[in-house]
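Here's a solo chain for you in structure tokens, the form predicted alone.
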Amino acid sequence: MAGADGLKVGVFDSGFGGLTVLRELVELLPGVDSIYLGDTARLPYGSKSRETISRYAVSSARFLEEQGADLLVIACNTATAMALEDIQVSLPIPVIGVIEPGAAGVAAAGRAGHVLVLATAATVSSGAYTRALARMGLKAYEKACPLLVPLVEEGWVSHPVTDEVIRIYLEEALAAAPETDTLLLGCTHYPLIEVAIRRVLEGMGRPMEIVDSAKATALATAKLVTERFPNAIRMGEPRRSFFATDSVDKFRRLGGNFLGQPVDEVLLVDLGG
């Protein structure tokens, strides 16, 4: 139950990408306080075992709950794929991941049901989106795009090199899944290059519906807040807190690109190994 100071939404990611989810949440729930944690000391999660990912994710989730979060958003595809259930049973507060809302966003788009999921290698190897989309009667082809995250973090969101990398990935994916009519952005970094993806698709003569899992997750979170905490939104300026487990200067520098506004103060926290 939200405290007297109003509802606090905790948002967790292994790095910066989850700030795109928070960016959408700020638009949908402008009066809600938020606490964001980037577990930057222990990324990338994708190279770790399921057991290690779960341990890291649960400790991060517990930290946010201890900071007063009334609701937790796992804004990390790898953590959602590998540790969602472990986090849900470990915390006494509602927990939302990014995969089910992303799949639901595709279903709501109302296309024929052939979906291309662009994601990181770890998310693709988990098969989580394929399973989630299959439960909705949709066929999925998942394409790992390992070069896109470093390009986004480099700030090359409108660079010719990024366009060329996107084109290569899309050509390979569409050759394998030619009936694709909907594209799902299965990484929270990818909203920053959605314009580039649309541009490349149009240049290929393959414009299609694009669903952003970050936006879909924010919509699902807003719906849950309305249902579970209808009177908990405090009036006045919302409070936003940012924590990172390493490199707070880098977090401040890159975070603004993902959040769409400056990240002025980031607190360092040590969650152990």
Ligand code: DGL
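Don't overthink the numbering: it's just position in the shown sequence, from 1. Take the two forms, find the largest set of C-alpha atoms that superpose within 1.5 Å, and that set is the rigid core. Keep in mind the model is a prediction, meaning the values are calculated, not measured.
Omitted here: the form predicted in complex with D-glutamic acid. The next part is about that form.
A residue is said to contact a partner when one of its heavy atoms sits within 4.5 Å of a partner heavy atom; Val73 fails this definition for D-glutamic acid in the model of the complex, lying far away.
The closest heavy atom approach of Gly31 to D-glutamic acid in the model of the complex falls outside 4.5 Å. Shown alone here, Val106 lies farther than 4.5 Å from D-glutamic acid in the model of the complex, counting heavy atoms only. Contact check for Ile35: no non-hydrogen atom falls within 4.5 Å of D-glutamic acid in the model of the complex. Here is the short version: of Cys187, Cys145, Leu192, Met82, the single residue with a heavy atom within 4.5 Å of D-glutamic acid in the model of the complex is Cys187. A heavy atom within 4.5 Å of D-glutamic acid in the model of the complex is found for one listed residue only; from Phe242, Phe229, Tyr45, Phe63, this is Tyr45.
Heavy atoms within 4.5 Å of D-glutamic acid in the model of the complex are found in exactly one of 168-176, 196-204, 116-124, 85-93, that being 116-124. The partner is not shown here, but in the model of the complex the stretch 10-25 reaches within 4.5 angstroms of D-glutamic acid through a heavy atom at Asp13, Ser14. For Lys48, a C-alpha deviation of 2 angstroms or more is recorded between the shown form and the other one after rigid-core alignment.
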